[in-house]
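In the block that follows, a single chain appears as structure tokens, in the form predicted alone.
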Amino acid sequence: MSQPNEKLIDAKQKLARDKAAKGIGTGHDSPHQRDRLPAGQRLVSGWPVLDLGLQPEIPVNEWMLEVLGAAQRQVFSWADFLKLPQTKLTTDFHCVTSWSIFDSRVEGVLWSDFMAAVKADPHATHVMFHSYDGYSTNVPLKDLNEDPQAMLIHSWGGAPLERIHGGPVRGWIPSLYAWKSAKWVKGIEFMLKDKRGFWEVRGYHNHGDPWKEERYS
């Protein structure tokens, strides 16, 4: 397998460190009324591609999603995943690098429906998403459970999710910056306490609320 782009990773880590040192993007109280476009974001017409320099190719007949950690271990095949309730939504999406896209038509499994299909420890507080490219990101269960648009998606714009955007399945959490919506998802680990993921240990904010500009820490 190819290796991640270390120069890109180092540059983004340095950016996060420098911004945080200046107090930029480290979070603030959100306004009572949230604007559709969060502060510091710009609307773009396309869907930019950002990754670690790897774009793994996983045929759907080989793709698997493992539930692990503080939960009963389960493994979903592609057929199993498609047997779960399927939902279509139109949502917005915000990246920490300051671009936003509006009205994305996505299809997949709502987080609430996924939770109904797994047996997680009731004391679990966070999940760690694990990806086929070695990426990981932590998300509070509270955020996932309270976001009615949080999903695991397999389609975007009426077509199967492209490999460059994280297909066959990626996370989709519109209430948090896009790095929390892991691409090429292969595992969901339920955790009894928080643990930081790939970017979180490299200077990115541990939470990532776009309306509070929680970019760096």
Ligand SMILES: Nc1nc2c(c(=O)[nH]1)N[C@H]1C(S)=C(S)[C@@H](COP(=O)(O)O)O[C@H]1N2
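Keep in mind the model is a prediction, meaning the values are calculated, not measured. When you see a residue number, it is the position in the sequence shown, counting from 1.
A second form of this protein, the form predicted in complex with this ligand, is not displayed here; the remarks below concern that form.
In the model of the complex, this ligand sits within 4.5 Å of a heavy atom belonging to Cys95. Interface residue remark: Ala178 is counted as part of the site for this ligand in the model of the complex, having a heavy atom within 4.5 Å.
At a distance threshold of 4.5 angstroms between non-hydrogen atoms, His154 is out of contact with this ligand in the model of the complex. This ligand is not shown here, but in the model of the complex it comes within 4.5 Å of a heavy atom of Pro48.
Figure note: of the listed segments 144 to 152, 165 to 173, 60 to 68, 187 to 195, the one touching this ligand in the model of the complex, with heavy atoms no more than 4.5 Å away, is 165 to 173.
Shown without its partner, the chain has Trp199 as the single residue in segment 188 to 213 with a non-hydrogen atom within 4.5 angstroms of this ligand in the model of the complex.
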